[in-house]
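One chain is shown next in structure tokens, namely the form predicted on its own.
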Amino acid sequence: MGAMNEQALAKYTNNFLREVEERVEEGEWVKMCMQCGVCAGSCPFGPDWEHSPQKIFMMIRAGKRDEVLSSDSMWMCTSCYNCVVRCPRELPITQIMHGLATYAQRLGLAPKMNPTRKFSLLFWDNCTRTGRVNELKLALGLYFMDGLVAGIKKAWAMRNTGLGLLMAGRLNPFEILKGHECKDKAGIQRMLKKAYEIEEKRRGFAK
């Protein structure tokens, strides 16, 4: 009888939940979700979620590793924090969703075609290279992230807006060529490197 109980318990042992708890930012809070759905109802993108936060948490607890990490739901989060403010258990939902997105990206399982993911990576690369966001470089990256032809079409469609910004002095076409960076770029890179090292050590990642 004891052996049967052990087998039944082993059947429901969820390795993915432990993985999330150990390797995803604030992942240890996932098991505290009581599935009330307030997060989904509070989110501006609620109707557009493939899987709302409480569904993601339920899937984690059910061991659905591939479905969770390949989902584009985590990349839908815009950090409005409505869910965090309204969660009756005060779970750090925003941090968990971003943590899952980062973890999926690190493992190479994040959906490649998701536009929000592309924007997130472009923004992060733009910001961390020099310590400041070069808005023109970021805009060009977004326009051409789907290829040259698609970028030209997008730019042409926005030509009147661009001309208006240029005439109002809000768009400088030479900004991409001039210095637009923090003075101590090396210091920023050292800071980021140290942050990565601390995170890898804390979460048990190997280089």
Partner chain sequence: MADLKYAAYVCSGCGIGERIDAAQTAKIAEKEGKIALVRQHPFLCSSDGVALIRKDIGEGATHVAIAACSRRAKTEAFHFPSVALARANLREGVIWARPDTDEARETTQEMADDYVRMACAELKKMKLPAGNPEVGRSTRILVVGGGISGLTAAVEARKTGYEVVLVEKQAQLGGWAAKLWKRVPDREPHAAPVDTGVRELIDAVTKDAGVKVYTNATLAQTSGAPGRFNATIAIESGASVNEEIGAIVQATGFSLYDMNRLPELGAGKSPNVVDQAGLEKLAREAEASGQPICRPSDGGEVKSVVFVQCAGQRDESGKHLPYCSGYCCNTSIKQAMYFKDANPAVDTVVVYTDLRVPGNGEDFYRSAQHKGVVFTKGKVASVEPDGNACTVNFRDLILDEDARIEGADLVVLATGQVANAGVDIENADATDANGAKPISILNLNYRQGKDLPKLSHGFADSHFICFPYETRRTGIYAAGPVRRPMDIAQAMEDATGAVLKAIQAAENSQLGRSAHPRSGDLSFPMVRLDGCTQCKRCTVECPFGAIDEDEKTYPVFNESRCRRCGTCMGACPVRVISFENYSVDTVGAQIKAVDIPDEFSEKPRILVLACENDAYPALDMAAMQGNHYSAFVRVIPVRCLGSVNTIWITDALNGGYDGVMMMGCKHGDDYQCHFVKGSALATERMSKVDETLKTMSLETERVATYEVAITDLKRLPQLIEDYAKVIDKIGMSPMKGFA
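Computed from a predicted structure; not experimentally measured. Numbering follows the first chain given and starts at 1.
Another form exists, predicted in complex with the partner chain; not displayed. Remarks below refer to it.
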- [ ] Find the only residue in Ala155, Met32, Met145, Leu138 having a heavy atom within 4.5 Å of the partner chain in the predicted complex.
- [x] Met32
- [ ] State yes or no: in the predicted complex, is some non-hydrogen atom of Ala150 no more than 4.5 angstroms from a non-hydrogen atom of the partner chain?
- [x] no
Task: 4.5 angstroms heavy atom contact with the partner chain in the predicted complex for Leu69 - done: no
- [ ] Look up in the predicted complex whether Met58 has a non-hydrogen atom within 4.5 angstroms of the partner chain, and give yes or no.
- [x] yes
- [ ] Please run the contact check for Arg89 against the partner chain in the predicted complex: heavy atoms, 4.5 angstroms, yes or no?
- [x] yes
Task: Full three-residue contact with the partner chain in the predicted complex, heavy atom 4.5 Å, for Leu17, Gln54 and Lys64 - done: yes
